[in-house]
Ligand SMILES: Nc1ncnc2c1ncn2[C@@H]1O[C@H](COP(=O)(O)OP(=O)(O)OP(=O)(O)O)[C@@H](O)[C@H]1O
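The chain below stands alone and is given in structure tokens; this is the form predicted on its own.
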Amino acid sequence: MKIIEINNLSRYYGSQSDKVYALKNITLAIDRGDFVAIIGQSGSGKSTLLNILGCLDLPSSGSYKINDVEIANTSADKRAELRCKTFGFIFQRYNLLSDLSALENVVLPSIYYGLDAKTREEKSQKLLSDLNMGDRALHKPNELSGGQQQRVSIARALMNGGDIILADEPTGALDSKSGEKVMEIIKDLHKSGRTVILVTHDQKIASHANRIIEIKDGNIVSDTRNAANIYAHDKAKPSEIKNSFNYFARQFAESFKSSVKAVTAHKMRSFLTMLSIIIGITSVVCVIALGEGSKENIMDRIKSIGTNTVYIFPGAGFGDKDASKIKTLKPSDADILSRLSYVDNVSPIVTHEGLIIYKNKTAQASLQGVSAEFLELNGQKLESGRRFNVSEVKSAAALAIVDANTKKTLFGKRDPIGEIIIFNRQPLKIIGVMSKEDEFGPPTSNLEIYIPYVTAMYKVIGSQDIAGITVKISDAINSHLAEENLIKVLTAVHGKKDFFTLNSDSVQKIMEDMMNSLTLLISSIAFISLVVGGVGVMNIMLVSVTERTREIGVRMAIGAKRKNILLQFLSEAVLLSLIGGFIGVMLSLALALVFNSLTADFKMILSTNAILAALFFSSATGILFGYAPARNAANLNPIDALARD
């Protein structure tokens, strides 16, 4: 029964006008269970014919059928499936993968077949034991002799059944004794019912075959049958994998294992590849953490002022050059607003600049005249001392609360409570010191003094004009609706709208938007380093594909489909990126711990979302920039890849 049929097959290279023929109009048929030797000198075309028979190469013209299936009409993956399930290759140079053990090399074809781990390990162990290699199963190729490596190659060829054994100069790299042992094994394979096609230039080796075909200059010059020993019988085949999900899961798992081996085999190169990813992820995570920390710090300070707070100032708005000329806000306005049902607290604000004197020390300071409720209304606390009360405000008591800068400038480390200071010739008794932690805004060297607003108007400034009004709206009331009503009330009182308002909730929203925009901007800049890292991954993977071209050819020869190669190299790129991302996240955590231990102003806040996003982007970087090299690897021609040194 014919298993292989070839009619007028030719293989040539070069352009149509300048063809160089390796094979010319070859016609032959091979029976199932036969043992055929193809002989010829170097350059005769025998290896080219073997490559076409093994679906590693395609003919330029003519017909080639296996089991009545025309190979020219099949896809690359279909030919890979034939190499996986039908052919078993025995190479002259063994073509074992150097980073895998003998057992792992033998197992490899069954991985692409889809066998489960237990079945393939048991079968590979048995094959190695049958070839007297059981005790060398865990040794790598460089720890084996040439004959031992060839026996591993034979075991690999039999892993998926190997109906057709293709042996390319199987004894060419062996000494005579090892060569004889290999030929005995090949003859036993023939007797077990396999079709054997052997390529050699040695007439003595060819004499073991039933049929000898001689090729010269791409033509068959003789076809002689020495014996009619054909052993064609059915052999047990590995069970087909029916569940596509299980098949894919096994392929993915094996690709991942191969990726780990490839990454660990070249540690320095892998680290340099990951370095740019590490820097990129660290930058992105730290920038987001700093942004979140800054935002929380600012939001906490804004919230300390209190929500549902409305500020009223004279003029048309911030930047109004005529605002200083408008003197329409009066304490009576504050009294009117305080009587509204939805208002909790009201504080007039009087401001003034002047000299502050304590003994022989003088400094420029800002004075704020406020109500008894002002500090509480703004969520500010005292470091020491007390606030002034309502009666002290109404009686224009000469009392003052100073900030931390004033305390430091005038008193150093001494307690200023009870001391007398002079502001614009008005003596003031200090009854409290503001807590520095509760001062709103960025750190400043300004000196600030808080006194009752009545004291400020009648004893310091001599005017009833006020600089603004702070209104605390009840928590149950919508601050924006209350703000609109406040505007209507004051407009009615003044007869016109000569003031503007500022809602603390609006300020908070504006600040949140600003911080989010700033974080996004800086993160986008840091993201550029991820792109640079991705380019690095792509370059290294392209180099890796070039370096491992022969390995790719071997994998394809033993049954790897394009998607297997694509998945393997893509998983390597993703693994490098994920490891880089993980290291980047760990480095970010370490930097955050150091940063938070060194500063008390604000903390770096590492959010789970930021970390997950960083890992997502690192893996996406691996997929995006690893795809092109992986696709290049998957699209390699098997025969060209095998020919690469």
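Note that residue numbering begins at 1 and tracks the sequence as displayed. The shown structure was predicted, so the numbers you read here are calculated from the model rather than taken from an experiment.
There is another form of the same protein, the form predicted in complex with this ligand; it is not shown, and what comes next is about it.
- The three residues Thr470, Thr491 and Phe500 each lack any heavy atom within 4.5 Å of this ligand in the predicted complex.
- Between the options Glu169, Glu292, Glu254, Glu214, the residue in contact with this ligand in the predicted complex by a heavy atom within 4.5 angstroms is Glu169.
- Between 581-589, 38-46, 610-618, 59-67, the stretch whose residues reach within 4.5 angstroms of this ligand in the predicted complex through a non-hydrogen atom is 38-46.
- Though the partner is left out of this view, Leu636 does not reach within 4.5 Å of this ligand in the predicted complex, counting heavy atoms only.
- Among residues of the shown chain, Ala22 is one whose heavy atoms approach this ligand to within 4.5 Å in the predicted complex.
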